[in-house]
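Consider the single chain below, provided in structure tokens and representing the form predicted on its own.
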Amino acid sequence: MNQEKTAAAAKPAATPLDAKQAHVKATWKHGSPLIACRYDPKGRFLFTSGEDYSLQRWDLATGKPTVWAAHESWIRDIAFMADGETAISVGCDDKMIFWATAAEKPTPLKTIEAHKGWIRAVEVSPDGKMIATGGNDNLVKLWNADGSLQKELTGHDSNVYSIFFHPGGEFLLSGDLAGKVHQWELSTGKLVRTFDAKDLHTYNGGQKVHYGGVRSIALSPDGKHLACCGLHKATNPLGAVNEPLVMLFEWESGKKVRSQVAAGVKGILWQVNWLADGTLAAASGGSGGGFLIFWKTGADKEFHKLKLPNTARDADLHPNGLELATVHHDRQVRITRLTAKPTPDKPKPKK
């Protein structure tokens, strides 16, 4: 899954961030297990997808949902055009569908058979002029904002799991099942280099299963480090025995800096985000339950983890940089505030 699956650098927040004070401030429920989530760029709505093939638009001011039938299979990822007025969903039905973000009764603006096989990732370029998708046909496709195909990027030998536009506007990165992260030059479609994230891939010969993949890609606020997340130590893939992992690379040289682990956690890191203070925040879900896990760039082990009531399946950072939304198998949306809890007003003394 991805972010946006941009996982782009957060804007500095007026309220001080404090990951150790993170707390769930709101919980909303849908009728089926949830899969993906994304905030709209204006911070009005949270879009989520369910196993019932529907999309849900949650009004952040009230928590009230608008729900509609959207695809013919699971919706794997969601993105928004730069102005926030158009949402894009992609799914396991091979379709990319455009929606009016704030429509009272959303109906498809445009539907495109975008890939042959599951579409796992979608993202919009920072300038809003280009859309990128990746899927199980091992292709990355670039689309114009009107939905017309611009070019296909070939070079992956396995399913494409994640997409990320570099904020400078020159490059696109795509991560696959085998743990390869390709950097593409957007103007030419040329493959520039590959980051080696093979630790995020496992092949189990007994089960004959390839497992893992680069689930999310994020660039640090200062542009110096690239983070890729997923899982490792998959000793029993079909039994969901594996551990979450973030791999950190130096952007300039492409060299691996470190592997960041979460002590005692079993699961998959589905989404990684950089906070404005340089902290890495990732959502984990799997056999060990759900967590939000936090690292500092210079450390191998986490400095804090927040236990969530149920396994998390995706996450996204609010445009204000202060809240993380997670979606869960127990049908719940949870909004976690990354600041200290408000101090209750003290009762005024009686006169």
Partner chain sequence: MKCDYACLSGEHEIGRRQFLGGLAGGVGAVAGGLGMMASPAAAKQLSKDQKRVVVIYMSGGLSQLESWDPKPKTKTGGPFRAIPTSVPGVHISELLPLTAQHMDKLSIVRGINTKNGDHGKGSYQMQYGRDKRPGIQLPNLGAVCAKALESPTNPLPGHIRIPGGGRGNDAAYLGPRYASIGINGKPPANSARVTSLTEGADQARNAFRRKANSRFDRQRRTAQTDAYTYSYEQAQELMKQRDVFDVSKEPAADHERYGKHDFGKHCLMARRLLENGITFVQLSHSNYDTHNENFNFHLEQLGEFDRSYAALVSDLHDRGMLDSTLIIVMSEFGRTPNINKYYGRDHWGTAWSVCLAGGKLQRGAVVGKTNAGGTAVIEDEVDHGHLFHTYLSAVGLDSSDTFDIGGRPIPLADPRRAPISKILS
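Residue numbers count along the first chain shown, from 1. Quantities reported herein were computed from a predicted structural model and do not represent experimental measurements.
Beyond what is shown, the protein has a form predicted in complex with the partner chain; the following relates to that form.
**Q** Heavy atom within 4.5 Å of the partner chain in the predicted bound form: which of F98, W143, W118, F249 fits that? Just give me the one.
**A** Looking at the other structure, the residue within range turns out to be W118.
**Q** With the partner chain left out of view, choose which of K190, K233, R258, H210 has a non-hydrogen atom within 4.5 angstroms of it in the predicted bound form.
**A** Flagged contact: H210.
**Q** Would you check whether the partner chain, in the predicted bound form, lies within 4.5 angstroms of a non-hydrogen atom from each of A22, P126 and K305?
**A** None of them does, since no heavy atom lies within 4.5 Å of the partner.
**Q** Want to guess which of 274-282, 181-189, 202-210, 148-156 is within 4.5 Å of the partner chain in the predicted bound form, heavy atoms only?
**A** Of the stretches listed, the one contacting the partner is 202-210.
**Q** Could you tell me if C92 has a non-hydrogen atom within 4.5 Å of the partner chain in the predicted bound form?
**A** C92: yes, in contact with the partner chain in the predicted bound form.
**Q** Just to confirm, N138 within 4.5 Å of the partner chain in the predicted bound form by heavy atoms?
**A** No - in the predicted bound form, heavy atoms of N138 and the partner chain never come within 4.5 Å of each other.
**Q** Would T194 show up as a contact with the partner chain in the predicted bound form if we use heavy atoms at 4.5 Å?
**A** Taking the distances in the predicted bound form, the answer for T194 is no, it never comes within 4.5 Å of the partner chain.
**Q** Is there a heavy atom of E72 no more than 4.5 Å from a heavy atom of the partner chain in the predicted bound form?
**A** So E72 counts as contacting the partner chain.
**Q** Residue by residue through 208-247, which ones have a non-hydrogen atom no more than 4.5 angstroms from the partner chain in the predicted bound form?
**A** The stretch touches the partner through K208, V209, H210, Y211, R215, P237, L238, G239, A240, N242.
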